[in-house]
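For this one, two forms of the same chain are given in structure tokens, first as structure 1 and then as structure 2.
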Structure 1
């Protein structure tokens, strides 16, 4: 089950992020420019959104290797409907979302009803979706162009909030943070639990609000807050509330912690797992639309290896591959580390071969750390 105690792993994420950022800023001063940070936030938003969806199926002890191919397929379906069949952009995107919900429901249902390993089912899905994707776009390139009703699709990664709207959004986020923390402390007092020292609580809230406004300031120095960041914020908030404050979220942790005990306690394990896969399907569709729009076209390479980046972000952020442990905040931290690493290597013109090696090394180290932490706690 979850715990609110801080561990060295919590601090290691921040230290790793600072070291990575400092290294790339030293090697390339452009790394900390407002323009590059804005691009970094867009890349982070796409990867982190998918990772948050992955968290929902890892918590109950499952996995999904098909999300990368699903990203390409859903983006490809929307592109064909909008730019070749001339559907309204909103309708084409909704069709892609509906398709993803149905497919991921069927995958989740197959896993729980047929008692088949999620690894095998989703590995098959990876291959099937990749083949379907290439068939849908006919192995060609479908540009995501602006104009008329198609603007809605292209604006997913090209729209920036006006400066005033950015400050307003930052103020709202800071206000919600303060209110939620105060309410949380009040609830803990009512139930007789220990609470943080008032001075420490004030310093934390002050620090986080300063970070929020600093983020808005930096983004406004380029064009404003990118729309993908807003989408990521909405998804992250939804996943945070779902996992931390709902029975469904508690069931996810309980199933991952001890499936047998979850069944005995009356938790509808099958329904919860299928629900987690359905939610992941919706996240895959949203990610597919953003990734395709960001790429500027639906091509055969869209979504390649994104499943590995999503899993790596989860594990780096403290999510256990065995289930039962992980948070939305941790996933965001892991995704930020991955995004900084890839963005920095791009700025330094690192060859694609070395990028693959670095991504694989980070994933292997993250899994190794997860195994060591799990063994230490046992």
Structure 2
């Protein structure tokens, strides 16, 4: 059987993205400049990386409100160790990562063993980490590197792939996309599952490969593909494979879909949830390092409200806060919408008050649309 009944639902995120971009491009010609798009991509990479980590704990029906403070804290620990204690950059960054892993393991362990709501534990975390962060940096500004020089830490957001490497990476990604999609369609035909129309499939693959090459072209017009995009790509691929192709991912969906049935099905629910928090912890550390490097220094406001952007990106991307529903691709699209919105409003010099209101409105609208379109489909 063919499925050609594409509904507006499948495109709604894309349409929203195009509308938002068109609006900003119309209002500010700078929006589509390669320089701005490069910055937009770095900002997207930071938000989206965190949101992908958040997806892993939302899928089994949990939440983490502490990631924003965690971003500040892990970045702050690295800054202090590297800039003030003169540790080698790699070692300082590893220390921050190890710290986050331990802390998130403890939070996850408390949530499952003491049967405490994740909302409460991580709300506590939000406040505690914020306090710890300010203690660690003593309410001052600590740069990631001496002025004028670079280290591994600062390069996180200032390194760009050389042009040729960018093209190579783009070609590899496009090739992988086509091969994996064709293989999956072949498998589905073999299994007798529904597959999409051949022409439509070709069109989709054509479109996506074009987008990849256009992306490389635009990035190369400025300085090349920024390193954070590569990091995001790696995290996104990992989360995608984790959720789609591993027992761990299946278990996340099962726990979120029906926790009691998950236990009876022999899923080690507690271990899986603690594992999800540990993975989120490492993602928080990576995001913290990138965000701090992007700011150039640890200041008291680094990471503020990032937990809400991450949750919003998940929800806009179709993730259910009750658990059991959500995909890596959806979260990426959600993060892209959020990043475009923030970047565009900054370009237009929208006041912070209006920025908050706009972000909130988009979040509410996205969920409303999702609910309506899902209902219309059923």
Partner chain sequence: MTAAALLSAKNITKTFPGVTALKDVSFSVNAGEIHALCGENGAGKSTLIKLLSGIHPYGSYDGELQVNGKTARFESVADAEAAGIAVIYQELALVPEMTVAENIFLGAEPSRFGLLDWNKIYRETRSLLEMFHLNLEPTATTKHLGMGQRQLIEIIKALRKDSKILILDEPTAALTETEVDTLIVILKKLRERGIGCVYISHKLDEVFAVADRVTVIRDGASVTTKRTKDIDKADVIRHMVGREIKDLFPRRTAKPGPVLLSVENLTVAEEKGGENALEGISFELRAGEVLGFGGLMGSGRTELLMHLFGAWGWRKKGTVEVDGKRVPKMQPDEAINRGMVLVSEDRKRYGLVLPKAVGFNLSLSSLKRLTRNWLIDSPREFHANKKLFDSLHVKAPSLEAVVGGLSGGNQQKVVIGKALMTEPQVVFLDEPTRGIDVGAKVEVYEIINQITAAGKAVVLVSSELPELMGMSDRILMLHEGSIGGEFKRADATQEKLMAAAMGHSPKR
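Please read all numbers here as calculations on a predicted model, not as lab measurements. Residue numbers count along the first chain shown, from 1. For clarity, a rigid core is taken as the largest C-alpha set superposing within 1.5 Å between two forms.
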- Note on the structure: Note to self: form predicted on its own is structure 1
- Item | Flag for residue 234, CA shift 2 Å or larger between structure 1 and structure 2 after aligning core | no
- Any CA movement of 2 Å or more for residue 189 between structure 1 and structure 2, core superposed? yes
- Message: Given a superposition on the rigid core, I'd like a yes or no on whether residue 20 shifts its C-alpha by 2 Å or more between structure 1 and structure 2.
- Response: no
- Superposing on the core, what C-alpha displacement does residue 362 show between structure 1 and structure 2, in angstrom? 2.4
